[in-house]
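Taking the form predicted on its own, here's one chain by itself in structure tokens.
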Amino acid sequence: MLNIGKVLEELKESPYEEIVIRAPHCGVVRFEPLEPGARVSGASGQWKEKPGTCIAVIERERNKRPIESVDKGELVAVNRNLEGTFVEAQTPLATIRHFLSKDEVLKIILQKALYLFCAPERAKYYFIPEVEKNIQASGSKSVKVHDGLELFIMSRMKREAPLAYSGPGGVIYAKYFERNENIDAGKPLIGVCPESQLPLIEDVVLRVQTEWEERE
């Protein structure tokens, strides 16, 4: 069984993730006057209409495109040796240290603790109507699943097909997809928790909510 307490302590020791900002395509790079240690932010607003902090600009065929931070955090490295040079797509330009929020810590722990049922192929996924109705009325934890249960409708290229759940029995503790969202193959759709382990999971959620200190 996963030692959730150990995972939480490891996250406390390194409470961040490092995000590498890469060139979206080839072109000539010019960096903004930002130094390591600067605070940066990601896109914000209801529809992410407000862009994140501009870190660099890349120019190709006289078209300039800003390269922005994808999340909030601290700028820890800038590859200024590339200033004014032509770079290939996916060249690392800068590194951001993003400090984990409570929700992100919970997501990391739950994806380790729960059984993840993943998308077999890139498609849009929906719960069958009966399950969707139960979730809307009482939440996903009210839905019990077992191996072979017809649970999803998979929609791809205007074709729909039923998809049965395969895995251990339990309740749907987490849902990782949204309606009309294309999910790549191998990405989790749901996280299932055996009913016997629900008290343990709830205890972990409480620990994170009370113990985790968020940093700006």
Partner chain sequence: MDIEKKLSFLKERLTYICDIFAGNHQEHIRILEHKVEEFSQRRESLDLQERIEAITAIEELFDFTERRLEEDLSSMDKVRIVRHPQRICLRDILENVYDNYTEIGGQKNKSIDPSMLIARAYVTRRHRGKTHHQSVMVIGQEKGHGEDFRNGGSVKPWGNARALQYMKVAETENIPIHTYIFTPGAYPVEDYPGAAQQIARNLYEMAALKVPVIAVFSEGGSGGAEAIGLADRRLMLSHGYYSVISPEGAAAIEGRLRRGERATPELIARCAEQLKITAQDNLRLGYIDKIVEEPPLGARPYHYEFFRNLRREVIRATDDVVLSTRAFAPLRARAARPDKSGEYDAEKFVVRWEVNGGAAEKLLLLRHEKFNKYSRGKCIDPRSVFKRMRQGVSGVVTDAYNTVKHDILGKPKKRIVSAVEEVEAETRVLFDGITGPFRKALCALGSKSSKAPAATEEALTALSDWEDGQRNGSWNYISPRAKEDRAVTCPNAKKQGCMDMWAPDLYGEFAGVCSNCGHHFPMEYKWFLWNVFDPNSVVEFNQEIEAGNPLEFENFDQRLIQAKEKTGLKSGCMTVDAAIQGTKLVAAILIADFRGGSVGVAEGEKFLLAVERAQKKRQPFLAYVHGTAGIRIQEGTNGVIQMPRCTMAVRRYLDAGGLYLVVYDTNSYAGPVASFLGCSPYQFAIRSSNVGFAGPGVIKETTGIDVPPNYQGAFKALSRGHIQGVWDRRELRENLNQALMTMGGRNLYYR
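Numbering follows the first chain given and starts at 1. These numbers were taken from a predicted model, which means no experiment stands behind them.
What comes next is about the form predicted in complex with its partner chain, which is not displayed.
Interface residue among Arg30, Arg65, Lys175, Arg39, judged by heavy atoms within 4.5 Å of its partner chain in the predicted bound form: Arg65.
Interface residue among Glu49, Asp147, Glu35, Glu181, judged by heavy atoms within 4.5 Å of its partner chain in the predicted bound form: Glu49. Although the partner is absent here, Arg156 sits far enough away that none of its heavy atoms falls within 4.5 Å of its partner chain in the predicted bound form. Heavy atoms of Lys187 never reach within 4.5 Å of its partner chain in the predicted bound form, leaving it off the interface.
Comparing 187-195, 148-156, 39-47, 165-173 against its partner chain in the predicted bound form, the single stretch with non-hydrogen atoms within 4.5 angstroms of it is 39-47.
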